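Quick heads-up: it's one chain on its own, the form predicted on its own, in structure tokens.
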Amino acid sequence: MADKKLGIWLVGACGNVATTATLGLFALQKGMTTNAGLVTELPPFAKLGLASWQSMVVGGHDIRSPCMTATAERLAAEGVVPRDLLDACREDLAEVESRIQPGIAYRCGKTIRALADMPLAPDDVSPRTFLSQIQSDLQAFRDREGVDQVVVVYLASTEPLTGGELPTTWTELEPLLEETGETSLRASSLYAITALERGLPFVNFTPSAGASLPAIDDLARRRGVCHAGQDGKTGETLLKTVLAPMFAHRNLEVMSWVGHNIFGNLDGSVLNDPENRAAKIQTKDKVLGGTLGYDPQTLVSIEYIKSLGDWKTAWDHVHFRGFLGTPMTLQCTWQGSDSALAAPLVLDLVRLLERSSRAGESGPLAHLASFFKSPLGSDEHDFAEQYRRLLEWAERHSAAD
């Protein structure tokens, strides 16, 4: 990747995760932080020839006026990002803000549309109209910044679940993009289509549909483009994928698993809407059955507590049965900054997708399952096994070079 420039296009660029990832990138470029939290900085990935932090430039879309600096100010006040880092990066943030273009909120629901502080096109416009806008912005970014490749990362607020039937092949879906009638596609999938049509790797770090729809995955395979998702695994679900194999390997029967989550950032506010929350709960609640081999009773709750800001708390209660049928309980609490947990994974995924793209890989990247709650291309949820497969991929590509 020597002497090549890599663009990162963040959808939801003014959000907490995007802002933290951008500040983190600046910190790495300026030597103002360690590599803590970055998977790709571990020794097994050293020989992959990954893109350097210095080679990266950020742009993006948002449905709010460019406000990355204001988001960073709030994060600094909450103790998520260091104040001295923010002060050292104000000019850099302003430069990124100049590259943030008006985004789309196509069929994202009333809660997400209410976040916009700029006029939004109505939902009765054809999807192809929105695709053309996004493609134009991406091409302008490439031309202006002189980047050799762009990785598109979807970080916008969680959409309601995709409803209705959609074709399963790209040949059937493509003509529908010209129509102005009702469609089950939402903004996340339009961003995925745009990226894949342009040959750009796509990451869906949210529970929204993105490229998970069969027809869009078909597009990726036809165009020879890679994509990854779905829903970044950073907290309570990460814990589940580590602990559930322990119960399975010790032959302890999990009778019920309750997870209660509270947090107060913008994502929490959006998830306060039952339509949007349903998509999030679906990805958080599906990891146990595949690992245990059976489905215990589960309950996942998500509550918006405004005062918590970016800090989240997850409390888990596991009721299990052991030898002689003895019932026992495990309880644990996970507390952390939502954005500080997610941001390094975003940067890791940019590097890893660029590397897979350079290797000619296409379709969903199953070796990246350890990063996601609902990994595309993989049914494996055991975190240790997921990570082992990532290491195998890294070793294979290191040896190939």
Ligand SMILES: NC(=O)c1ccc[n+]([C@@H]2O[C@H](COP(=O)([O-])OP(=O)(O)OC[C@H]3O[C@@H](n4cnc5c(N)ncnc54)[C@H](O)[C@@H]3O)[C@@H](O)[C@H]2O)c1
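We number the residues from 1 along the sequence you see. These numbers come from a predicted model, not from an experiment.
Unshown form predicted together with the named molecule; subsequent notes refer to it.
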With the named molecule left out of view, choose which of V225, L243, V300, L115 has a non-hydrogen atom within 4.5 angstroms of it in the model of the complex. L115
Quick one: of L155, V96, V81, I193, which gets a non-hydrogen atom within 4.5 angstroms of the named molecule in the model of the complex? L155
At the 4.5 Å heavy atom threshold, is R351 in contact with the named molecule in the model of the complex? no
Interface membership of L200, the named molecule in the model of the complex, 4.5 Å heavy atom rule: no
Non-hydrogen atom contact T234 with the named molecule in the model of the complex at 4.5 angstroms: yes
Contact with the named molecule in the model of the complex for T206, defined as at least one heavy atom pair within 4.5 Å: yes or no? yes
Which single stretch, out of 338-346, 358-366, 50-58, 37-45, brings residue heavy atoms within 4.5 Å of the named molecule in the model of the complex? 338-346
